[in-house]
Each structure stands twice: as C-alpha cells, then as structure tokens.
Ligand SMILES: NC(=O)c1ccc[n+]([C@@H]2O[C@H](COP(=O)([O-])OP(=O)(O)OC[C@H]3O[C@@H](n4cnc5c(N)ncnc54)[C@H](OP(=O)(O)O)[C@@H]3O)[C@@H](O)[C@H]2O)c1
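Form predicted alone, single chain, as structure tokens, below.
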C-alpha cells in the first residue's frame, strides 16, 4: 500500500485524495500552516492522519513515501525540492515550476537522486481521450493547425474585482491565466504537434499586471496553432484540429469528454466519449502503476518520457511570459 502526504487543503487536493484512495492509497499526513485547517481537512478522510504545521518536520517525521503538492504556484519548486532531498517521491500540481531555471534545478536534483520519482500532475495528459487524439492526428495526410480554447471563469475573480488579490491572480504567487489554464493547452500543443518554431503570447493584463486572459500563436513549419485561454470569462466553443478536408472536434481540450471527426463529406462521426469519473483518476492510475513497482526500469523510463514533456511545457510557458513582459518575483529568486 502506498502511503502519501499532502500539501494544500483545497478542493483539488480533496479530488486527488479521493482518486488516490480509490486505487488503495492511504493518506497518512497533512501539512498546513494552520493546525485547525489541517485537522478540519483531514477529518474528511479518517482519524489516523498526522497533522503538521512545520514543513521540515512533515518531511522528516511523516509516514509516507509520496507527497502531493497543491500549494500556490510559487511554492511548488521549493517544496518539491525539499521533498526530493528528504527522500520522497513527488507529485506536484501544474505548473510544476514558475520558470525554466527552477525546472533545470529539479532535473539536476533528479539526476543526483536517480531513485526518486517526480511527476507534474497535468491530469488530462493521462486521459484515454488525450491519447486517442494523438492517434487520430496520425491519420491526417495533411495537418493544417488547430484552434484550442480553454476559458473558465475563476471562482476567485469576483474577489479580485472587489479589490483583493487571490493567489491565482498574483504575480507574487506566479499566477495568471497562462500559468493555470494555459498549462493544459501547452501540453496539448507540444504532445500533438511538437515544440513550435516560434511562439508569442498576447495577454490581456489586469490592474496588477497579471494576465487574466490571452491568445497564444504557435508557429510551425507548415501551419499555426492558436491557443485561447482565460480566467475572467467562460467560453463554450469547441476546439478543432484541421486536416485537409477533415477536422477533429474536441468539446474541451482540457476537460475532454467527447471527440468527433468531421470527414471529407462533412459527415460527423463520434470517435470516443469519456465516462464520468473523478477527473484525476487517470493520472493517479498511471502514477500508481509506476510507484507500486519503483525498481522497474520501464517505469523509470515512463517517468522520464513524461518529464521530458513537462520540461518542454515549462520552457514554452517561460518563453511566452517573456514575450508578453510578464515577470514573477520567482524569476529573480530562481537558481541558475
């Protein structure tokens, strides 16, 4: 049985715990800055769960081999680094790092500790329909690009409009639309089309300089890919990948539940649908397969393959922010 600890006591952590418990994992340790918060959160999942308010003690004394990190973005790097140094395997919510320098430091640390596992929790990347899209694209004799849209009104935007500065809309916490919803679209583009030759981000910046929404143009040799993303409005547009006369239609590139092919005769063919389930279950199943047999070299290679994509996604996001003039305090603090 895999025993795991968590950092972060929010809705996404609850969703991850429920998925992990469904495959037999045991939650043993909860870290939060406030003891009351940790206790209230842990009470939902059992009684034999240790509570920690000091991170060093959490890693030194916690009875777990895997930690799931879902803290504010700017803390992901330092907490993952501390976990790896403490001998823990790491599952860190996207974005894994604020910038390429942080990611470079993580890779260096993994090379120094080859028995550690490190995963970026980009949940859609592990879903069956994501892989189905990859296979369907291979059937196109000509690929002519894509328009991918993921815009979802943030539950924190009302507070921002009222004058507050929630973490997800804060430069200090490496927030913004690109670092949140944009991560999904970056995974899509790199996995399906490869790394672009050129890339530019055109954001709409809010009062504090954070990007509330924006458009990314990715230039490839024979086509372009457009990414539309935002946390200040809802979009109900489907996304499309273009062949010559055919097109793949995705109901949502990040919350993919339906995939349709429009053929050369403009006829619609439902390729696949996803059954409703915890959206984090697919990634947990993949992580579980590897972590239950950590000495397996094939499992190590899977992690390396996933990590290679995560590195490219991080590189692309860092570059896009630079093109848009969006700078985080974490950029100044990053280890070079």
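Keep in mind that what you see is a predicted model, and the values were worked out from it rather than measured. Numbering follows the first chain given and starts at 1.
The form predicted in complex with the named molecule is left out here; the points below concern that form.
Although the partner is absent here, residue 94 is a contact residue: one of its heavy atoms lies within 4.5 angstroms of the named molecule in the predicted bound form. The closest heavy atom approach of residue 29 to the named molecule in the predicted bound form falls outside 4.5 Å. Though the partner is left out of this view, residue 75 does reach within 4.5 Å of the named molecule in the predicted bound form, counting heavy atoms only. Not displayed here, the named molecule is kept clear of residue 278 by more than 4.5 Å at the level of heavy atoms in the predicted bound form. Of the residues given (170, 71, 149, 99), 71 alone sits with a heavy atom within 4.5 Å of the named molecule in the predicted bound form.
Exactly one listed residue, out of 131, 81, 156, 116, brings a non-hydrogen atom to within 4.5 Å of the named molecule in the predicted bound form: 156.
Remark: none of the three candidate residues (200, 222 and 321) comes within 4.5 Å of the named molecule in the predicted bound form, counting heavy atoms only. Contact with the named molecule in the predicted bound form, defined as any heavy atom within 4.5 Å, is confined among 233-241, 172-180, 83-91, 133-141 to 172-180.
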